[in-house]
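A single chain, nothing else alongside it, follows as structure tokens in the form predicted alone.
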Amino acid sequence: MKLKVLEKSIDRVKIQLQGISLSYANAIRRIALSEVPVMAIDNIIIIENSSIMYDELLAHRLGLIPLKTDLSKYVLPKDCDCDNSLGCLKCSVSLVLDSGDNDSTKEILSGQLKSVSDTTTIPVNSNIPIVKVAPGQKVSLEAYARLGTGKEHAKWQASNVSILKPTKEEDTDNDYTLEIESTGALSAIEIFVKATEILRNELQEFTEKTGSLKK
């Protein structure tokens, strides 16, 4: 198999895969969509919420805010030994949101969500609307983000991935192009590399298990 990077930026990459089957290309696509882990808010503790938005809806909105993720720093909760529902420094990041006191209507944006335990795990975009508060209203909360995957919930989906088949003039059969568009939690190339790493590990595990059947 040969790889050729056709386009590359932080949030988008287009990679031509030469000499592979469609099923293999689709396996990479599926893993990039559903198995590459990223950070997302999963638990919140409401200290005060006098806005018109219900706590549950506020939690849902916070969960869908993409967070920059450093996979070298954290493990999935299932691989952590902390046995804590809110996680620990190895598997979670704590953030706080405090709208403060106000005497006029204002919009609370994602940039006001501050990371406490790791200042690199912050919203990808600081201008995502969360909630509006009227004079005298306030929102104050603690949030806990953890690693997860798209097969658990859409909030942990790191990217959108499509497979493009070159035209007959461009190439031959068994050449496919993967186009990965990141949410910003990871770079597009990181998602591709992690997806191929996961696929390699899964194939190795499958080979080992089938090999044990012969014994």
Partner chain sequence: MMKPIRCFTCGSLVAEKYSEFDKLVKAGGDPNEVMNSMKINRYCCRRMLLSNVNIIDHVLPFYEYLNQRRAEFESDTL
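Not measured: the values here are computed from a predicted model. Think of the rigid core as the biggest set of C-alphas that the two forms share within 1.5 Å after superposition. Residue numbers count along the first chain shown, from 1.
In what follows, reference is made to the form predicted together with the partner chain, a form of this protein that is not presented.
Heavy atom within 4.5 Å of the partner chain in the predicted complex - residue from 130, 91, 113, 139: Answer to the contact question: 130.
Listed residue (178, 188, 31, 65) with a non-hydrogen atom within 4.5 angstroms of the partner chain in the predicted complex: It is 65 that has a heavy atom within 4.5 Å of the partner.
Interface segment, criterion being heavy atoms within 4.5 Å of the partner chain in the predicted complex, picked from 69-77, 131-139, 83-91, 114-122: Selected stretch: 131-139.
Non-hydrogen atom contact residue 161 with the partner chain in the predicted complex at 4.5 angstroms: Contact with the partner chain, yes.
Residue contact check: residue 53 to the partner chain in the predicted complex, 4.5 Å heavy atom: Contact check for residue 53: yes, within 4.5 Å of the partner chain in the predicted complex.
is_contact(residue 101, the partner chain) in the predicted complex, heavy atom dist at most 4.5 Å: So residue 101 does not count as contacting the partner chain.
Any non-hydrogen atom of residue 154 within 4.5 angstroms of the partner chain in the predicted complex: Residue-level check for residue 154: yes, a contact with the partner chain.
Residues in 77-114 with any heavy atom within 4.5 Å of the partner chain in the predicted complex: Heavy-atom contacts to the partner chain in the predicted complex: 105, 107.
CA of residue 160, rigid core aligned, shift of 2 Å or more between the shown form and the other one: Superposed on the core, residue 160 moves its C-alpha 2 Å or more between the shown form and the other one.
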